[in-house]
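Before any questions on binding or motion, here is one chain by itself as structure tokens, the form predicted alone.
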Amino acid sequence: MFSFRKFQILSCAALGQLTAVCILATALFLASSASAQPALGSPADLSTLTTGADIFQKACQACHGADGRGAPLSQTGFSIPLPDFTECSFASREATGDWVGIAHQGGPLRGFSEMMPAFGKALTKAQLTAAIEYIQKFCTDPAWPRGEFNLPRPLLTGKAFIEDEAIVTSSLTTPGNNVFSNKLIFEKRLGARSEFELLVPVGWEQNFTGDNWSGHIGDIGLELKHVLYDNVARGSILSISSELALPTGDAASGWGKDTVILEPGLLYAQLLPADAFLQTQFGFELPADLNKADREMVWRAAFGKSIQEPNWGRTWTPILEIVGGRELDNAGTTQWDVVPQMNISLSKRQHIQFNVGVRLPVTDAGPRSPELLFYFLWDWFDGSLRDGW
């Protein structure tokens, strides 16, 4: 998911590749501040640069300003405001590789303006990476977790990273059970390290005679998540969550528990070599009324690997989840499931995604049927549903 809502132009000077508007803006800027702004080098000069600071100064500063806040519109001549790289909420959300892709291929790579030129012929990937790492330092607040932890979302295992998203998750049982259940999920980031989540279960169930379907609303959930620890050098992030399930569903028809349930949990993610990752979740379900629901322990783990098409194209992420749960009361049994799945980025901006998989029971496979699971995800911070295609 490419978090460049405000990102219209990453830099402004790759000689021989700039648009006519950018060339004119640079010329006007240099003419008005020749004593403060070094002249842009030739392509040969750019090829000799090695430090991120030098590359930014020669290839980016004319439009983005020495402080990363963006040069004034009166100097650049652009009608679209330039991004502010000092704004951590914007600058911290995506991985370095995503920023490098935009700088290398240009704005249209992610559905942005062609006024963002491609630097791939003027600067190497190593040079662009150095420049992006320098740009990331304009966000000086270390409380914001790095975008490297913005991993693809598994079907069942929660994410430790916090985001602004809307998701519709669905499950369809095999023929004979005829239940179609969904969760409408809305996530809102609260500052640097917290997130609020609203979950609304809805679904349809066919009656025993098979002649009609009835709709239901389940127990609505309210969740808070907070990042306890993150270290991009070690590739680790740890978060705590607490969900409160409210008794809004119809318990008589199996669409609710008829009691408040508290669900505390821990979420951990580990970056692995070659764009692989591990995401885990561990928690409890603690009902207020033990006569209406049992206490349960749940654990989930998702191992995946992101595979990107050449030149920063569409991302395909195969994931295998292992899901377990055990009732803590009444000598309950332990249940295990495996969930093979595939996550696909649909839009160029990667802010709209689709994931599909199958939940296969490992234990109690007779009473429990396989389920088809899928979701549609919209990272609404990155743009509208119409943007980035």
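Everything quoted here is computed from the prediction, not taken from an experiment. One-based numbering along the sequence shown.
There is another form of this protein, the form predicted together with a small molecule, and it is not shown here; the text below is about that form.
Can you tell me which of 356-364, 317-325, 60-68, 339-347 lies within 4.5 Å of the small molecule in the predicted complex, counting heavy atoms only?
Contact-bearing stretch, as computed: 60-68.
Answer yes if any heavy atom of residue 217 is within 4.5 Å of a heavy atom of the small molecule in the predicted complex; otherwise answer no.
No, residue 217 stays farther than 4.5 Å from the small molecule in the predicted complex.
May I ask you to state whether residue 267 is within 4.5 Å of the small molecule in the predicted complex, using heavy atom distances?
No, no contact at 4.5 Å.
Check residue 135 for me: does it contact the small molecule in the predicted complex (non-hydrogen atoms, 4.5 angstroms)?
Because a heavy atom of residue 135 falls inside 4.5 Å of the small molecule in the predicted complex, the answer is yes.
Flag residue 249 as yes or no: does it have a non-hydrogen atom within 4.5 angstroms of any non-hydrogen atom of the small molecule in the predicted complex?
Although the small molecule is absent here, residue 249 would stay clear of it in the predicted complex, with no heavy atoms inside 4.5 Å.
Tell me, which of 312, 303, 180, 90 has a heavy atom within 4.5 angstroms of the small molecule in the predicted complex?
Flagged contact: 90.
Exactly one of 163, 94, 243, 205 has a non-hydrogen atom within 4.5 Å of the small molecule in the predicted complex; which residue is it?
Comparing distances to the small molecule in the predicted complex, the residue within 4.5 Å is 94.
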